[in-house]
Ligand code: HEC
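Here you get one chain, nothing else, as structure tokens; it is the form predicted on its own.
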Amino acid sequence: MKIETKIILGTAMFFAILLMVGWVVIKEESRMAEFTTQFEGRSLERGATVFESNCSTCHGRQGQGSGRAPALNNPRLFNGERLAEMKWAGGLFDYIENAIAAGRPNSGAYWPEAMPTWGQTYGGPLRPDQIQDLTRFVMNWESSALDEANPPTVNQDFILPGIREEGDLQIMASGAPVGTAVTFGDLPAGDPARGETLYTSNELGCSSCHLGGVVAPNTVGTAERAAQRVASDPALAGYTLEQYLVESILQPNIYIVPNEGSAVYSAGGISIMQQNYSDRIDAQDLADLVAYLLGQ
């Protein structure tokens, strides 16, 4: 074969390869989009199966809710109302994923039974990929939940943590009016025995997360960890342990404990701790809780 012929064939093959590579690049975006659609579709199918087996008894097969749990096919979940109510600053996907994985250990105070912990990260039975499948399945209700022309059936709305009935929104756990200012300077002498009773009560639900370090820092060692943090954080110069604990309870997003390994204490900069204790306890309750924690 003449050299000229080889050059022509080589050049033709080179341009043919360029065309093939270009075609692959052009089609890659649509191919990946199709792959993503297929992946999410399979994930939704798996999530539907897990939901039917584990969640539908309480939340309803169509997410309509029951007397045991709220509706998830619910406009208030997808229009931002629930996130604002819970003071959640992150995204909806993260909120739902966290709620499923960590559960609601203290929700037995305002529902017939507490929502269990589902994620293996928190000691539950479901793998992280199964938690994500479930989250995608719940997110799939967004279009139907926000369909104003054909709104979904909501048999049971959400409840504020610790609140059984709407009328209870006017008082705190102690009976003091909601909005009663509670500051460090107001604290009376604390009773650690009464503080332990409050801490372990269903009404406040502290122990359901903290005792044994189930989904929050272990109760045991609280005072020691608080002392170490006050001593090591320049922003806490001049603080007493009491003041640090008061602010940690009333404003849980100020002093977030860093996540450690499988222990996840926050998401998106927001603590998983309930955000409304300032509306549920008065100065005496707070003083008693702090007195109890200082003994840990």
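If you're wondering where the values come from, they're calculated on a predicted model, not measured in any experiment. Residue positions are given as counts along the sequence shown, with the first one as 1. Take the two forms, superpose them, and find the largest set of C-alpha atoms that agree within 1.5 Å; that set is the rigid core.
Only in words, not in the display: the form predicted in complex with heme C, which the text now covers.
Interface residue among 114, 89, 146, 187 relative to heme C in the predicted bound form, by the heavy atom within 4.5 Å criterion: 114.
Of the heavy atoms in residue 192, none are within 4.5 Å of heme C in the predicted bound form. Taking the partner from elsewhere, residue 46 is found to have every heavy atom lying beyond 4.5 Å of heme C in the predicted bound form. The shortest heavy atom separation between residue 274 and heme C in the predicted bound form is within 4.5 Å. Heme C in the predicted bound form is not approached by residue 78, whose heavy atoms all lie more than 4.5 angstroms from it. In the predicted bound form, 70, 72, 77, 82, 95, 96, 99, 100 are the residues of 70 to 100 with at least one heavy atom within 4.5 Å of heme C, listed from first to last. For residue 51, a C-alpha deviation below 2 angstroms is recorded between the shown form and the other one after rigid-core alignment. Once both forms are overlaid on the rigid core, the distance between the two CA positions of residue 70 between the shown form and the other one is under 2 angstroms. Core-superposed comparison between the shown form and the other one: the Cα of residue 103 travels less than 2 Å. Expansion of the residue 120-residue 225 CA spacing by 3 Å or more is recorded in the predicted bound form, set against this form. The pair residue 101 and residue 253 is at least 3 angstroms farther apart at the CA level in the predicted bound form than in the present model.
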